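Presented as structure tokens, the chain that follows is alone, the form predicted alone.
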């Protein structure tokens, strides 16, 4: 493809591929550039909340997502020190449930992989895997990017707009000199993937679990895994003074899981990741012909499974605005400014605020404050109105609607 009347999307993770597919569904040409040769297979982001499920349905992906993923209509909050189930939040109990009354546990690498296969078969989309963005230049007519291909050769490629969906360390954002405001949590998070079926412990374990603990809180989620047999992801904090070698020692990993759930046999640990966690939002998501979406525009802690969802919401919002520019002759700048207003609100008032509150609630050390927090969860679970409001906040229903309403 040599046509420059297209959108250049950098990054073929779930946000970049959803954006590329959404653009193609609108009839807009796409150049998709990805530094990796193939999507990483990792049980990272795996939660699709109801507004995201609606987007997947619109793009014709929901049937595949239900086939490859897990339907999770319930989430449990636990007090880890006492073993009490503080609250059970169930979409089936909602007085006015959303159209898709569940969370779909569909791993990001499956989403990306499935869409990539569609895009590679689409003559309106040029896919460049193993291709790294080096620089870009723009003029009144469009954007030209310089890339290094898998063979090491440099090449210039043209389009009308450039969208960075290339993660928290976004090359696009850095080249555009867009500030990334926020902070980094002092502790690193440790993620352990294991095949042990925690639901075998009893009905108190759902597919989505949050364990409050002043010393070592825990998120515990189930996904289908690569072979469909089930994979559980446990995410918790570490102490800032602990070394990487100490934390990743096999005996230490085993001890961490045994502390949570003692058993006679050792755990089958499949993958482990230790990472810094940030709460940051770009000061703008648009700058001339350059736009940002997903982690390139915002990052947050994983408590609540909101990061990928927010990025997919960015992608659909932006694709709709691109269609107005392409086919209705709409002026780009006002639309892109509105895109920034809408999606920054979705982040600042929704994802950032909720994910920070989630982490603080689980990790609270002050006994008096902790007691109040846990009692609020109990009350929310018991009262129908509070129960429904809790789900709407936790599953991004309210924040998505509020962001979309911004003019």
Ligand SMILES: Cc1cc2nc3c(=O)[nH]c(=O)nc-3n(C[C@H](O)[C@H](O)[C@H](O)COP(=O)(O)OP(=O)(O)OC[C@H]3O[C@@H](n4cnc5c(N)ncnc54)[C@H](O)[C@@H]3O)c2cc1C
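From a predicted model like this one, the values you see are computed outputs, not experimental measurements. Numbering follows the first chain given and starts at 1.
What follows is about the form predicted together with this ligand, which we do not show.
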Which single stretch, out of 308 to 316, 70 to 78, 87 to 95, 323 to 331, brings residue heavy atoms within 4.5 Å of this ligand in the model of the complex? 308 to 316
So in the model of the complex, is this ligand close enough to residue 100 to count as touching (4.5 Å, heavy atoms)? no
At 4.5 Å between heavy atoms, is residue 355 in contact with this ligand in the model of the complex? no
Any non-hydrogen atom of residue 282 within 4.5 angstroms of this ligand in the model of the complex: no
Can you tell me whether residue 231 touches this ligand? I mean in the model of the complex, with a 4.5 angstroms heavy atom cut-off. no
Answer option from 225, 302, 237, 113, heavy atom within 4.5 Å of this ligand in the model of the complex: 302
Name the single residue among 64, 382, 369, 36 that comes within 4.5 Å of this ligand in the model of the complex, judging by heavy atoms. 36
Within 165 to 195, which residues come within 4.5 Å of this ligand in the model of the complex, counting heavy atoms only? 165, 166, 167, 171, 191
